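Let's start with one chain on its own, the form predicted alone, as structure tokens.
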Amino acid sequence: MRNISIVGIGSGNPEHMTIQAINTLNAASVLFVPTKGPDKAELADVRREIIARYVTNPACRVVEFAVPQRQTADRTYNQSVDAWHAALAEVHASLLARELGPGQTGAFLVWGDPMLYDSTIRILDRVKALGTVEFETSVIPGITSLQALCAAHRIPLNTVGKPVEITTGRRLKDTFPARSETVAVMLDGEQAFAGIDDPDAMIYWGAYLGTSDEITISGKLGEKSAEILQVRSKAREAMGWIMDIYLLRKGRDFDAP
């Protein structure tokens, strides 16, 4: 039986690696590194640096593979993601059958934490459902961009006695501020925060967290929204890609519920 380890590697800083993650990589026969083209070469470079820095087992072999692009034309969001995951499952099934022998262990290096807005677990579940290759999986947690965001801004995630909601930009208008007073927003390609009009809202924004290119901005949403839009646009143009996250909050510790 093949074994697959899904390893969280943190949000961009190689020093985010846990001892468990390092040990898991060193126990693997094959380390799988996804590549997303020249515009996102830094994402693969961080994985390569982690391997170079921490993997000391000479028997480990690195296999890089290209990630297919998600097609969005004439499809809803769910349709495009479903088709993309199906294509990724075919790629992963081929990788495992070709590169990993029975009894061997492979490891996928996953940005952040595999359980938080990453689909590697789902994709490997699809591979199992295809029935073309048999394997067991284990998951190693990692430091998330949400943790890195709060650490960079030196804030707790929650206010005392109140919940936190994690959502996407597409869902933000359904959530903040009517339903939740603290919202962490991921995958916001449309910068939905700019459409929130609340004089009491605070924003804590960060991009490229954990990397040498890290950018953070915080303050009243109404005062910082335009600045974040401008900084984000310039950063994306300069880098060719952007990975950002933000926290919206209103209210304070010990306010009446």
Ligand SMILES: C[S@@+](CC[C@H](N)C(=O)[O-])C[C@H]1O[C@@H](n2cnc3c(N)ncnc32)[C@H](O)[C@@H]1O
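A residue's number is simply how far along the shown sequence it sits, counting from 1. Model, not experiment: these values are computed from the prediction.
If you look for the form predicted together with the named molecule, you will not find it shown, but the lines that follow are about it.
- Checked against the named molecule in the model of the complex, the residues A97, A83, L187, I121 give one hit for a heavy atom within 4.5 Å, which is L187.
- By the criterion of a heavy atom within 4.5 Å, G112 is counted among the residues contacting the named molecule in the model of the complex.
- Contact annotation: L248 falls outside 4.5 Å of the named molecule in the model of the complex, judged by heavy atom distances.
- Contact check for F135: no non-hydrogen atom falls within 4.5 Å of the named molecule in the model of the complex.
- Although the partner is absent here, L209 lies within 4.5 Å of the named molecule in the model of the complex, judged by heavy atoms.
- This chain is displayed without the named molecule, yet in the model of the complex the stretch 138-146 from 123-131, 99-107, 138-146, 67-75 comes within 4.5 Å of it by heavy atoms.
- Within 4.5 angstroms of the named molecule in the model of the complex, the stretch 235-253 places a non-hydrogen atom from each of M243, D244, I245, taken in sequence order.
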